[in-house]
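Just the one chain here, the form predicted on its own, laid out as structure tokens.
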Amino acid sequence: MSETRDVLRVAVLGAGGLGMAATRMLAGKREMTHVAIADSRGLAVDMDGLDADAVGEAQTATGTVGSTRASGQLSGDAIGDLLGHGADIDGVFVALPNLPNDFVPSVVERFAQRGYQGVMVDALKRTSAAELVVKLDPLLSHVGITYVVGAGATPGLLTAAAAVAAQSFAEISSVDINFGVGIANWEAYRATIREDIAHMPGYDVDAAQRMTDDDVAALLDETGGILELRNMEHADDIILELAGVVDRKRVTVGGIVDTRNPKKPVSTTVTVTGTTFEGRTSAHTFTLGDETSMAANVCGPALGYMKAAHWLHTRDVFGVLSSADIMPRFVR
């Protein structure tokens, strides 16, 4: 069986809105210690635990965690440098941009090729990106990585809720996820907003990736800061299909994102409709509290799935799992 620790050493890949939120969340955990974070320009590493305030101050002041006092270093290959500490890292939260689709899968493959043996979780959104991760299952199983794909909010928290709610039915007719996101300043979540734009009519992954910050700001001016998203290519569908819950064609995901106000424009819900063994048609709806932020609903489950994956890893369960395959464990 693999080594187990009372306190897991956690690395975060990405220092955007979700990465920095994970840093703050980890600061309040007793069962996990945040030991490393990397962005496109640098990294910060301290195996005794990073100072969340120092990391945040450095990122805000210079645009990179590489300038963090005492623990930071600038780098042209921050992920490669972080992998040099891989033997001391139990879990990795991949909070990197999902554009292009093969970016996160390529990073995961790099971890495997360098012989990393630990736990990884991601907050991937797009079905096509998740499919690329699933294809890495033989490699990750061979190397000894336990990976949870789609471990955020949607897919993640809401996908797991749908999988549990489905148990009341003999057959599922539909799973409908409708989310509301409110953020005070879109620039704090640039990568996430670009991913959302890629789902809009007239846009795709390549078009969204080519947009400059000024282009994004101009689009948001046109829409009053509101993004309305319907019938998204969202990995909840493949995750629920692979878990045997429902055919992906019966899963729909959409929502409204307000990029100028922290209050959610609509409540976030998942509704599972099906037929019971008695032949009755009914629906379960799970609603997230409006006061919980996107960061709370993504980072919390991601860390919970990391804890569950580590438990499986210590029992030599390796390869790619999803948020509908296992239950997250609460991280104290």
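Remember, predicted model here, so these are calculated numbers, not experimental data. Heads up: residue numbers just count along the shown sequence, starting at 1.
There is another form of this protein, the form predicted in complex with another copy of the chain, and it is not shown here; the text below is about that form.
Trainee: Quick one: 11, 19 and 83 and another copy of the chain in the predicted bound form, is every residue within 4.5 Å by at least one heavy atom?
Mentor: Not one of the three qualifies.
Trainee: Among 32-40, 45-53, 59-67, 279-287, which stretch has residues whose heavy atoms lie within 4.5 Å of another copy of the chain in the predicted bound form?
Mentor: Heavy atoms within 4.5 Å of another copy of the chain in the predicted bound form occur in 279-287.
Trainee: Indicate whether another copy of the chain has at least one heavy atom within 4.5 Å of a heavy atom of residue 76 in the predicted bound form.
Mentor: No, residue 76 sits far enough from another copy of the chain in the predicted bound form that none of its heavy atoms falls within 4.5 Å.
Trainee: Hey, in the predicted bound form, does residue 186 get a heavy atom within 4.5 angstroms of another copy of the chain?
Mentor: Contact with another copy of the chain, no.
Trainee: So, residue 137 and another copy of the chain: in the predicted bound form, are they within 4.5 Å at any heavy atom pair?
Mentor: Because a heavy atom of residue 137 falls inside 4.5 Å of another copy of the chain in the predicted bound form, the answer is yes.
Trainee: With a 4.5 Å heavy atom cut-off, would you call residue 244 a contact of another copy of the chain in the predicted bound form?
Mentor: Judged by the heavy-atom cut-off of 4.5 Å, residue 244 is in contact with another copy of the chain in the predicted bound form.
Trainee: Note which of 172, 205, 193, 89 lies within 4.5 Å of another copy of the chain in the predicted bound form, where distance is taken over heavy atoms; exactly one does.
Mentor: Of 172, 205, 193, 89, the residue with a heavy atom within 4.5 Å of another copy of the chain in the predicted bound form is 172.
Trainee: Of the residues 217, 226, 164, 200, which one places a heavy atom within 4.5 Å of another copy of the chain in the predicted bound form?
Mentor: Going through each option in turn, the one that passes is 164.
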